[in-house]
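Okay, here we've got a single chain as structure tokens, the form predicted alone, with questions on binding and movement later.
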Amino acid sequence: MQKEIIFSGVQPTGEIHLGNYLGAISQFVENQEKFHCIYSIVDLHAITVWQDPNIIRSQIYSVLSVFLASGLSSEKNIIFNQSKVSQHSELAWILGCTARIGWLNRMTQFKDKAGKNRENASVGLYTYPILMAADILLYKSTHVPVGEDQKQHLELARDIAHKFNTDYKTEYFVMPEPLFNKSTRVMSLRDGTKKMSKSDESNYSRILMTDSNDEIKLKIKKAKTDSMNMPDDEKNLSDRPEINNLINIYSASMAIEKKEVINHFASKEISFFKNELTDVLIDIIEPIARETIKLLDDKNYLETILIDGANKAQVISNKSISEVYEIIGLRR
């Protein structure tokens, strides 16, 4: 039986942090044994807000290095940066003529990112869910790894695929299914009600996958908690978002049930738990950080992987875009 196809993308904006690793990259590594996987560093999505031209290239290399250092194989998977494959943009235009403004107006992430200054947001920020749909549909992806905040975008991709198929009386586009991330969303170390983010002003809000052991120790030590001991029941966490977040991080890092973590540390001092969590995170991050730094010293090697990945992606995407042009009555 032919393996199903996964597509997923990561923006090269800021450094990769623990939330990116636990929520996506670690599962990319798992999925490479079960699926045909296509992973794109989505630099075109990144420029929906202004990026420094002198920095974005190095950020592409940084994301790729963390991918490889985490165990993602460039031989088992297709790994490339989005801008090297122009068919993504070509298909986005065609799908933009299929999608409806009302659908985009319902996208909550645009409202969140644009905020009150919506009229000054870029057109790209408004329409990037269409480019995301093109990313997915171009490769006839059967599954897309998603968290709660990306479900709406996948639903839009499905709506666009269905309308295209209906308009042109075809079954060309596959209806991609969500592959829900197993781990709980990782929150800020400074505010347990906010997602861990590359854009947070405080460096102590996140643990980077290139942090040193001393930096990890300091960030966990400074992580916001409360004056109580560790909870002995999950019900006791409802008003303790920060310690709940640290328990979730421990659970995801160790791949064990949250209940097991709570039982193990019940009524112990939070300082004891933080020391144990620090050791767990160092065990994961130290080898990844060491390999990432080593890879970043060899830009030629990284560029070779991106070019090879783009060539493989173009074999698929060239065929797809030619078939789409044929369906809509044009020639490429």
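In case it trips you up, residue 1 is the first one in the sequence shown, and so on. Model, not experiment: these values are computed from the prediction.
The next section is about a form of this same protein that is not shown, the form predicted in complex with a small molecule.
Identify, from the list R190, R158, R240, R185, the residue with a heavy atom within 4.5 Å of the small molecule in the model of the complex.
None of the others qualify; the residue that does is R185.
Considering non-hydrogen atoms and a 4.5 Å limit, which listed residue (K217, K258, K163, K195) is close to the small molecule in the model of the complex?
Flagged contact: K195.
Only one of 248-256, 146-154, 163-171, 118-126 gets a heavy atom within 4.5 Å of the small molecule in the model of the complex; which is it?
It is 146-154 that comes within 4.5 Å of the partner.
Going by a heavy atom distance of 4.5 Å, is A310 a contact of the small molecule in the model of the complex?
So A310 does not count as contacting the small molecule.
I321 near the small molecule in the model of the complex, any heavy atom under 4.5 Å?
The answer is no: I321 has no heavy atom within 4.5 Å of the small molecule.
Give a yes or no for A24: in the model of the complex, does one of its heavy atoms lie within 4.5 Å of a heavy atom belonging to the small molecule?
Within the cut-off, so yes.
Wondering, does V10 line up within 4.5 Å of the small molecule in the model of the complex on heavy atoms?
V10: yes, in contact with the small molecule in the model of the complex.
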